[in-house]
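Just the one chain here, the form predicted on its own, laid out as structure tokens.
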Amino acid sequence: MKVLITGARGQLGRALIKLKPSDIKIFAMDRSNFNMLDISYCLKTINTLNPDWIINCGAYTNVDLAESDKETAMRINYQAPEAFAQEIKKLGGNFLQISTDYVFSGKRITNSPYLTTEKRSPLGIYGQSKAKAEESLEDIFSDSSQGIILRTSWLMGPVGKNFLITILNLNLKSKEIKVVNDQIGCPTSTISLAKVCWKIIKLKKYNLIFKENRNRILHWQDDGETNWHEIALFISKLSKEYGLIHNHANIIPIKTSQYRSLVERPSYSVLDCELTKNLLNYRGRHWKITLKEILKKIHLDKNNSNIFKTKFKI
């Protein structure tokens, strides 16, 4: 089976490649050989390679910058996957779109996990671009089972740009770190998300599992609810225990209103993953367990000299 992965140098792309099943041949695509701004070139590549699946991990993820760079965000997050989906459908292949909790506003009367069927209500350009892609893909694959949307949230792994790596960096150079404590959600390990992606693809009864899920949308994040401040405390504590840092900084909780940002973020973005767990017969793990697994991998990888060189603003 041939699988084309966009954004292959990103944190999820790298996890997918590392965890790929032995019978899968991967076409790893990144900006150097698959610039998603050049859609016509990408379509030629897809047509030439003729993959059985496309996993679209490539995305414009800078939430703040997207507000002033709308055209680029829309082209990468909406127009490109729309075109890829149309092409792979014609070729008879399948499309797995990685989407986000940012398609929801997070403004609920009562905090309860978002179901896959709930109405989209994005707050900013980033969320809007991902929501428009979802709507387009639902339309393209309305008459077939070739397309799946997999929403996730707060993605973190041992490499790449993410909150965990940021907190490690800040602990190395700062005595004080301010982190918001009133945005509720749950981290997702790139390891667990990659495993879910491969389970979806390898599931032999794929055409049967969506009988009760007509919109073909799935959710995946690790188990539990938390906030950014609690996550930062946990990362700092374990990092010191593993010897990744000598002394952890003072982690100060602040409100979202005190955090300088160009765009409003969802205040509550927990996703209901029960449908995915039942369809795939796969249980999740608590976020503390998966983040501990990530930190342990970093601890064991003593030769990864680049691990603390990634700088990313959450």
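None of the values given here were measured: they were computed from a predicted structure. Residue positions are given as counts along the sequence shown, with the first one as 1.
One more form of this protein should be noted, the form predicted in complex with a small molecule, which is absent from this view; the next part is about it.
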| query | finding |
| --- | --- |
| Non-hydrogen atom within 4.5 angstroms of the small molecule in the model of the complex for each of 12, 37 and 58 | yes |
| 4.5 angstroms heavy atom contact with the small molecule in the model of the complex for residue 189 | no |
| The small molecule contact in the model of the complex: residue 78, any heavy atom under 4.5 Å | no |
| Residue 31: touches the small molecule in the model of the complex, heavy atom cutoff 4.5 angstroms | yes |
| Residue contact check: residue 153 to the small molecule in the model of the complex, 4.5 Å heavy atom | yes |
| Stretch from 166-174, 232-240, 98-106, 114-122 whose residues place a heavy atom within 4.5 Å of the small molecule in the model of the complex | 98-106 |
